[in-house]
Ligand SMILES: C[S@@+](CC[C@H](N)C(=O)[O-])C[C@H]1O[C@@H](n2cnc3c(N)ncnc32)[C@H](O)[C@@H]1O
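Take a look at this single chain, the form predicted alone, given in structure tokens.
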Amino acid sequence: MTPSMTPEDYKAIVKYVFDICGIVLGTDKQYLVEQRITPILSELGCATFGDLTKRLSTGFTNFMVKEKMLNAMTTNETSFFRDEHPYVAFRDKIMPDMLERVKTRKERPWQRRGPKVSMWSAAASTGQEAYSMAMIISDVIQMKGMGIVTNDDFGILGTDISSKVLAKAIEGKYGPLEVARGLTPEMRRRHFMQDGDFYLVSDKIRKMVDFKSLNIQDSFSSLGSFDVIFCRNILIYFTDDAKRKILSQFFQILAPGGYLLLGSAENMYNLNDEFLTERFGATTIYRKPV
């Protein structure tokens, strides 16, 4: 018999999820939460949701419990080149600037060249966003790098709070339905190796991207500075106070003139006034002043 979740169970789980990752679950999400947690109840040693909430309320929640709850509750909807238009802006607006940054740095004396161009895919999920960025970089360099700029001049960091999705991102292995979403046959030919029914991200693209675990609600100043940050479709799950804190940290770690792209349904209204705003086609681009 499938266990059922009481309103009291739901309130306790909502509080726990907020406490561990800052995600706000509304009153209309009980069915979704029940669907996601039911399959892992037995793995957590619980016969009912009441057993689970008792365990969560005692404070005896070890790393395994926290990981399983995070992996069940975090939203991991993603695809290659999701929404398309942000990647058009990345290719046609941002990348020309990045190429110039690389050339300028390479014209300096060796000891003053500085680091490679650094980019961050926050809430990277199973890796499609970070790899999409890398594919664009590689294609633009091939067309416009003129032998001066190479893939090695760029580094992309992908982060997520879920260890489960990060493991898939690191593996870089995707099924036929996943590569059918957003990738043309030509892109698959250029940037993937086929392994039976699956597709592996090519070594050339894979070496441009690193992944690590990160809760975006925590301080991330230790990550260093970035020229471009993609943080798309994640801020909508946080409170306004959490959004303000995250956006303020983005501003601090962006290099002067750096770029931030949010999701199509996200904006900075009443949250941050430090960024400059630009429009490129259907995309809103936020920039740190030079």
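Since the structure is predicted, the reported quantities are computational estimates derived from the model, not experimental observations. Residue numbers run from 1 along the displayed sequence.
Beyond the structure shown, there is the form predicted in complex with the ligand, which is absent from this document and is the topic of what follows.
Using a 4.5 angstroms limit between non-hydrogen atoms, Phe251 is distant from the ligand in the predicted complex. Contact check for Lys243: no non-hydrogen atom falls within 4.5 Å of the ligand in the predicted complex.
Interface residue remark: Glu77 is counted as part of the site for the ligand in the predicted complex, having a heavy atom within 4.5 Å.
Using a 4.5 Å cutoff between non-hydrogen atoms, Asn151 does not count as a contact of the ligand in the predicted complex. Partner contact region in the predicted complex: 232-240, out of 232-240, 251-259, 25-33, 38-46, criterion any non-hydrogen atom within 4.5 Å of the ligand.
Proximity to the ligand in the predicted complex, defined as a heavy atom within 4.5 Å, holds among Ile161, Ile141, Ala72, Val209 only for Ile161. Among Leu99, Leu183, Ile136, Ile216, the residue placing a heavy atom within 4.5 Å of the ligand in the predicted complex is Ile216. Contacts between 117-137 and the ligand, taken as any heavy atom within 4.5 Å in the predicted complex, involve Ala123, Ser125, Glu129.
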